[in-house]
Structure formats: C-alpha cells, structure tokens
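One chain comes next, on its own, written out as structure tokens in the form predicted on its own.
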Amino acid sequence: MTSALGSAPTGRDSRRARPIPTRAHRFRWARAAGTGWLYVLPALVMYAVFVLRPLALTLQYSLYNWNGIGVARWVGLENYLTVFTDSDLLKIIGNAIVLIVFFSFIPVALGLLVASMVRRITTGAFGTVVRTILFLPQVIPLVAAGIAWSWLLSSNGLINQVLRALGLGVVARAWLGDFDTALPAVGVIGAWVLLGLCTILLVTGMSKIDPALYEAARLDGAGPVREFLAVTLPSLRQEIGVCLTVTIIAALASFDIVYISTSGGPGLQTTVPGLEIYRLAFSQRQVGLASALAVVLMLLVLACVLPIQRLSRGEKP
C-alpha cells in the first residue's frame, strides 16, 4: 500500500529531479569565470610576450643561417646536425653533464648528511644562526662568489698557501687554469653555492616527519643508518625531487660562475652550453646555430627534469 507521503524516489527519478541550471545561473557562472580570467590576463600577456614569443622565435631562428642583421637563409635541420656532429659542441654539452655531478648529486648527498646532523638544533637562536650560515652562499651574488673563488683558487691563493704551509706544495697549482682540474674546480664552486639551498630544503622536510615513525623504528631495533634509510629518505622524496630539479637546471644552464671564474678556459675545458650560446650569437654572429644549441639545451633539461618530477610524485617514469 502506498504511503500517504508517497514512495521514495528511485535513482532514476532522483536523476530526473535534479534542477536544470537556469539562464541566470549560467550567466552568473560565465561572469565569475570571465572575472577570473581578467585577473589572470596580465600575467598571461607577460608570459606570452617574454616567454612564449622568444621561445617561438628561437625555434624559428634555429632553422635559418642568420648573422642577426642581414637576410636569413633557410637551412632546415642543418644547425641541429652541426650540434650533434661537431666535436667541440659535443664536448661542451658533455661539460654540462659532468657539472650535474658537482652541482646536483654532491650538494644533495652532502645536504642529506648535514641536514641529518642539524635536524635536532633547528629551533631556537642557535638553530637560526645555523640556517643563516648554511643559506648564506645562496644569498651571495654569483658574480661575487665567482670572483672570491677565483682568488682562492689562483696560483698564490689561500688554498695553495695552506697546501704549501702543510708541506704539500707539490699539489699546489692554478686550479682554474689547469686542464685537469679546471672543470672540477668550477664544480666545487657550484656545489658550495647550492649546498645551503639543498640543506635548508631537506631540514624543512625533516621537520615535518612524524616523530612517531622514528620511535617505531627504534622499537624495532633500527640503528641510525637503518632509521635514515627506512624513515628519513622515503619521507623526503618530494624535497629531494625539488633539490634535484633545481640543481640540475642550475648545472645545465650555468653561465655566470663559469664566465667570471674561467671564461670557459683553458681551451674548452669549462665551456658550457650557456656560455657557448652567448659566444655564437653575439661574438661569432651565428644566431641560427646558437638557437639550435639553445633548443637542444632546453630538451636536455626537460629530459632530465621530467622523470625526476614523476618519480618524486610516486609515478612510474
């Protein structure tokens, strides 16, 4: 028997009973969306003018032989073929890949070690001083850092004076002028600059780890190493991903430290793609080849960074 209040509507009836948006509702929604786009429009215009347009022009220039002034001549993919077959350009790209070890892997590894040691002293005035000292190299202008390290690593610099004082004068050399040590010396400068950034990011990540996880690990008999591998590292996956992303981009796009400290010498030992792009475009007037090298550098950055981003989010590459 049907109730006086009527039977409850079925699933199909409830779907049919959904209110249909009126014209007034659609108008208000469209107006709200339009207002949001108006707020975003200035940023979109700036991004299109100063990022998307130069990127499109770089892609266009890479297909031409152009000196920046005269008439451009279409060459297709010839500039890209030059990038991948010229031994000097391949060596320059290889230098940037070597710098990834110094700019990225070493700062992240040392940052994990330092962050683990200072994790317990990040509160209070002493913790503030420690964080400030660690982050100081990131605040110093890279030009000033390059000049300071050039003095330190010169033939009569402080590092060689200390080595001679310790009786290791045979080891002393012009570190930035030696073919064997110039690139590692530039890498050490980059590692010093980026170590503080990685350490601060990792210390911040460690402060968010639940202390109960460490207590549970200790109850299970885990020592400091096992505790670090089982609790700390998995919990810092996103922070490590950020550190690797930032430092790898810094390594591949490095320019100022190299330009100030060695100007790419001796020979091509410390020349990196950013510096070579500058030389090709503004000194040798090979705008097309410089643009092709810039596009290859961009693709190399994406090839290194995108898998790291996916892994840091827990996705399969």
Partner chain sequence: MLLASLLAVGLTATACSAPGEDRSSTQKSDAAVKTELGTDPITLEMYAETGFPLAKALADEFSKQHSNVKFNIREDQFTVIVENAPRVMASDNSPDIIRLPTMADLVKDDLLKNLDPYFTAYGWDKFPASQLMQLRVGENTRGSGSLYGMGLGYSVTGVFYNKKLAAQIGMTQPPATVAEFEDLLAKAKTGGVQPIMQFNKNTAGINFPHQALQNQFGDPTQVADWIFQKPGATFDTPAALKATQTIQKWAQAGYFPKDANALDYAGMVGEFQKGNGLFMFNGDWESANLDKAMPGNVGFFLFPTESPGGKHVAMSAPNTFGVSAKAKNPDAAAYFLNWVHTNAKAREISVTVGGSSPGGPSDLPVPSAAPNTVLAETLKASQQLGAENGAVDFTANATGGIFAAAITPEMQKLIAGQQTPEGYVKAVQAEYQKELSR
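Positions refer to the first chain, counted from 1. What you see is a predicted model, and the numbers here were worked out from it, not measured in a lab.
The protein also exists as the form predicted in complex with the partner chain; that form is not presented, and the subsequent description refers to it.
Taken together, Tyr80, Leu197 and Gln309 are entirely out of contact with the partner chain in the predicted complex: none brings a heavy atom within 4.5 Å. Residues within 4.5 angstroms of the partner chain in the predicted complex, judged by any non-hydrogen atom, belong to 172-180 and to none of the other stretches in 236-244, 172-180, 199-207, 221-229.
The shortest heavy atom separation between Val71 and the partner chain in the predicted complex is within 4.5 Å. Among heavy atoms of Thr132, none comes within 4.5 Å of the partner chain in the predicted complex. At a distance threshold of 4.5 angstroms between non-hydrogen atoms, Thr35 is out of contact with the partner chain in the predicted complex. With a 4.5 Å cutoff on heavy atoms, Ile260 counts as touching the partner chain in the predicted complex.
In the predicted complex, the partner chain lies within 4.5 angstroms of at least one heavy atom of each of the following residues of 57-76: Leu57, Leu59, Gln60, Tyr61, Tyr64, Asn65, Trp66, Asn67, Ile69, Gly70, Val71, Ala72, in sequence order.
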